[in-house]
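Starting off, we have a lone chain in the form predicted alone, written out as structure tokens.
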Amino acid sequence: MRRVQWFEIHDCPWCPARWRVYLQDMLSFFASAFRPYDAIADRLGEALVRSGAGRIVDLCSGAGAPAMAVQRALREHGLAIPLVLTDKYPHPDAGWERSGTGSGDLKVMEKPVDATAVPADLKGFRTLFTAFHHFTPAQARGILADATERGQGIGIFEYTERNWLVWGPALLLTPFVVWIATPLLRPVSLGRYLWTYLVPVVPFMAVWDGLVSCLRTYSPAELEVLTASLDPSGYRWAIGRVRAFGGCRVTYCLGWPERAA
């Protein structure tokens, strides 16, 4: 299926901040409950060691659950590494799972950080979990090019894909999952219940943005094309897919400076 660049509601500047937060909280719940990215922890760990990076700089973090889950998985693999959470629209409760991550190994950037214009002084192995599909091919190439030009490692990870056998049934069930999971989310707020049950904006956003995420997700072949267009000198790439939970597969694109390999 051809990739399409439709819009996601929570990406739009006009999207109310509270709607964005409620959707991010739901995505964080999913990432914490199912930990889909544990499947790539070993590959990411290897790239981190080869790059010599001293920390992970996570871009487009939302509430940060995917990156924090992977940080825990890396620790279980014997690699303890600090994590910095960043986002263009910082989540007010980013890092809410701080407890248990260890003192000093988690930092939350309160100022906005645009993944297409990462500050030069924000050094570390860059990661994007379920976020790379938000960017057009030109933007996506720019993100990869900036990492290579600055000599920083980068990891792209997506559990969505253009596969209706996997995601068709999941999208149909999404509203029910949102309704069932909402009472488990924290903090409890009247607004969350209002926009989930009385006026079902959050379930609608979850379905629409989930559908568009699948349609926009880059395939391994498309990631190969993007990386092939970059200067190949001094950089190494690893691209592929691994199976996670159920029928879900994680597409990954890992790059690191070859001189550090």
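Worth saying up front: this structure is predicted, and the values here are computed from it rather than measured. Sequential numbering from 1, following the sequence displayed.
There is another form of the same protein, the form predicted together with a small molecule; it is not shown, and what comes next is about it.
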In the predicted complex, the residue from 148, 130, 71, 174 that sits within 4.5 Å of the small molecule by heavy atoms
130
Just one of 202, 53, 39, 60 has a heavy atom within 4.5 Å of the small molecule in the predicted complex. Which one?
60
Residue contact check: residue 211 to the small molecule in the predicted complex, 4.5 Å heavy atom:
no
Can any non-hydrogen atom of residue 134 be found within 4.5 angstroms of the small molecule in the predicted complex?
yes
Examine residue 24 and determine whether its closest non-hydrogen atom to the small molecule in the predicted complex is within 4.5 angstroms.
yes
So, residue 141 and the small molecule: in the predicted complex, are they within 4.5 Å at any heavy atom pair?
no
Exactly one listed stretch (182-190, 106-114, 163-171, 148-156) reaches within 4.5 angstroms of the small molecule in the predicted complex by non-hydrogen atoms, and it is 106-114
